[in-house]
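Heads up, the chain below is alone and in the form predicted alone; it's given as structure tokens.
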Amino acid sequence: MKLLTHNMLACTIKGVQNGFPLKIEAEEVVEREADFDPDFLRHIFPKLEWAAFLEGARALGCAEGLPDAVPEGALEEEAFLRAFHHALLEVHLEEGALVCPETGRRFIVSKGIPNMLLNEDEV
């Protein structure tokens, strides 16, 4: 699971008010090379929640070169774009779990696929 996916997921258990961002518990992290596309990165950046992305990058050990707050003009700097690209698209959570920040419910990630299915009593 890429951090791009993680940034779009939330806990949807009935009654949960604070289901985002899901905490990452990483057991296995792998890197896979991806084509560098600065235009895609500039396009997707406004759609991401930066603080959640940065928290995920730290949990996966790939936050190097990523600032706490993105300064104006960073999307034009190649060093920032490369660090952003690496964390967003090349680092994958293969095995582990995503944890609801409110309930502590663990959603297992197996072979890179998060299982976000809810139990009957959670719907």
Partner chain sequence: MGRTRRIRFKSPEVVCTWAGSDSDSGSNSDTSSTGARGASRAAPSPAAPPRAGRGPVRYLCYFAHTLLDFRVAEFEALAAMAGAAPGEVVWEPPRNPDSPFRFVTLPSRRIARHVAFRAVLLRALIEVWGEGPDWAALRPAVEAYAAGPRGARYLAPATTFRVKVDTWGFRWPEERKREVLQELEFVPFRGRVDLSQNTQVSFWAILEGQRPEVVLAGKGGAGGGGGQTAQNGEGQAQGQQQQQQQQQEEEEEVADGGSVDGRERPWDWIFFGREVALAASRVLPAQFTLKARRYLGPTSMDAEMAFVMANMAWCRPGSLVFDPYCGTGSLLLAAARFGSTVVGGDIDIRVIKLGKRNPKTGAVEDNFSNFEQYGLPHPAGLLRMDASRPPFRRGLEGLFHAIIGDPPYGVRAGGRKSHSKAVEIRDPSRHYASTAPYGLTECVDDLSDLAARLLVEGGRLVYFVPVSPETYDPSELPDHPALTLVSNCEQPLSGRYSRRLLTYAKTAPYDAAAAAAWRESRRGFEMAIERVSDLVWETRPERESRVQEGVGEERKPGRQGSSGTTGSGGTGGDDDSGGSSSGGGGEPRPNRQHQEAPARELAGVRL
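Since the structure is predicted, the reported quantities are computational estimates derived from the model, not experimental observations. Positions refer to the first chain, counted from 1.
Omitted from view is the form predicted in complex with the partner chain, to which the following refers.
Residue contact check for Glu49: one or more of its heavy atoms lie within 4.5 Å of the partner chain in the predicted bound form.
His85 falls outside the set of residues with a heavy atom inside 4.5 Å of the partner chain in the predicted bound form. Among heavy atoms of Leu9, some come within 4.5 Å of the partner chain in the predicted bound form. The partner chain in the predicted bound form is not approached by Thr103, whose heavy atoms all lie more than 4.5 angstroms from it.
Contact residues in stretch 1 to 20 (any heavy atom within 4.5 Å of the partner chain, taken in the predicted bound form) are Met1, Lys2, Leu4, Thr5, Asn7, Met8, Leu9, Ala10, Thr12, Lys14, Gln17, Phe20.
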